[in-house]
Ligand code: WT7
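Listed next as structure tokens is one chain, alone, in the form predicted on its own.
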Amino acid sequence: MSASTIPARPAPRGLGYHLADYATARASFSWEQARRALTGGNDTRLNISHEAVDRHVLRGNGAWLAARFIDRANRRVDVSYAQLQADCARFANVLTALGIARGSVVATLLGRMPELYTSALGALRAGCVFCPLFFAFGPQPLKTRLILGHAQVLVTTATLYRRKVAPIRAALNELRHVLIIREDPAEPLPEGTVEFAELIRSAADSYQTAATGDSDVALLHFTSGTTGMPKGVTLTHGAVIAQHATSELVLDLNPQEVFWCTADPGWVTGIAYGLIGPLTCGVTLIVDREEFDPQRWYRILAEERVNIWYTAPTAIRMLMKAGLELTAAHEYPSLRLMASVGEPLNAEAVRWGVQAFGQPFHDTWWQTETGAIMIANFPACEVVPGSMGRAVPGIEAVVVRRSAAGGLEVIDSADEVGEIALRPGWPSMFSGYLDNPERYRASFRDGWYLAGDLARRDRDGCFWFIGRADDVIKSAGHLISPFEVESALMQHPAVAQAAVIGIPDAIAGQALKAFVELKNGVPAEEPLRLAILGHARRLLGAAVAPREIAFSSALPRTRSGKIMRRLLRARELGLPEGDLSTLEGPE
């Protein structure tokens, strides 16, 4: 272990980690064994809803607390596993009574509320395909996704329906039923809709779970490309095997522990690790119904005695920007593991975790297409700040380059940059791009799934993120990672966030331009801009440091928190901005 690493913390309460030794875990792990951990090896069927809820009730643990929902006024609504099972059964019965066949798409347009979780697990119980839609989408991106997804049922609130669905309803020819959750019981239902609560009340609380199998489609998630239409990614019921295994091996979840995943369930992380994986482990989910607020988050961590916290790098950097005074206002004796997901985590943010909480954040890497965590910093292993970590047991991950003959070659030498490639066959691997088999086939080559992310792997097997293949900047013959430059900029005490793009340069081909968001209360002045330029040149060298720095009051982000470099590039160069449906901000 080098001086730059952060040692692993002792195992919780002396019980030991699920993954106690990395080499041993890799040597002994098998996906068949992981499947038997859920089904007991006695059933050829596999259904996500059964594995997440019924297993615990059947074992006599129905009284365990499955989820605690916290609203704006800090009122708590607690849902046990037995209650969740009954509510899911009622919704499955509702779908059957409406004539919704197995394999039909059931979509939700909801905030973080109990009905979303009931709808997701109830739809899966009925053998339907569940499609979460982010509640902040405007009418046009919703229309696109509902049409592409062939949705037959939509569950939403009266307010969201009036504002976002009613204007596009006439174009949704395949949408058969809209189930409305009324915020005000006295409010009349919108025309052409039915009331969710009334249907649930009249439905039976038991349902024979559909006999789905590992290869049956269960989930439809939409992701946005740089241009064109969003991609519909399908995952099967078999995904629960990997989501359960990684919830144990990476997040180290144990029954009845308190777990908080801050990702919205409109995105894949909020479903895989805000719902399915943790529930299979028997935890208590903390669900904050409000949006990001540093003081509120710290209070929830302390008052709810959160044990494991899974959040996003953007949120971590926003907490850093808010200052350590807010962190120090509470104590967090129950918090034993912090992890991040969604985009690369800068080394500075990892170290800040130690400063603020006495422990580092553990970065993880995966994609919608992988369905579960593929590369991670494990709690039983030392953390190397800035590293993505190592491949999850059961996952063969390598870095590849294109050979002269056009094929793929695995890079064996340490620290050479190439594209991340995964050997297909893990159970959460996506089963297709909706209605686009050609694009799906193009994702695989020479026996590998190509992730589209560039990385290097060091001698210890740790992966280091470089950037998306189309983000890497070539300047004067150098391949430059924008993430590396952004990480260096963030080490300046005035910088809260940074984004780096390449702009045309007559001599170098491309030059680097950085957009910098300053910490609260720091004025954007010319001496500071020059100081940050000098700081970057000292750390990176003149060949890699940005040539130009522009201050930004708010960098453009997706609604899931990722900085949109390609939008900065498009605006800088006057290019088409492409798909903006996931851009954070006013509709």
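Since the model is a prediction, treat every value here as computed from it, not as a measurement. When you see a residue number, it is the position in the sequence shown, counting from 1.
Below, we turn to the form predicted in complex with this ligand, even though it does not appear here.
- From the list 283 to 291, 498 to 506, 70 to 78, 366 to 374, the contact stretch for this ligand in the predicted complex under a 4.5 Å heavy atom rule is 366 to 374.
- Contact check for Arg351, Glu382 and Ser487: none of the three has a heavy atom within 4.5 Å of this ligand in the predicted complex.
- Contact check for Glu343: a non-hydrogen atom falls within 4.5 Å of this ligand in the predicted complex.
- In the predicted complex, Thr269 approaches this ligand with a heavy atom inside 4.5 Å.
- Proximity of Asp453 to this ligand in the predicted complex: non-hydrogen atoms within 4.5 Å are present.
- Using a 4.5 Å cutoff between non-hydrogen atoms, Ile308 does not count as a contact of this ligand in the predicted complex.
- Proximity to this ligand in the predicted complex, taken as a non-hydrogen atom within 4.5 angstroms, holds for one residue of Thr209, Ser431, Ser104, Thr223, which is Thr223.
- Contact with this ligand in the predicted complex, defined as a heavy atom within 4.5 Å, holds for exactly one of Phe130, Phe134, Trp260, Phe465, namely Phe465.
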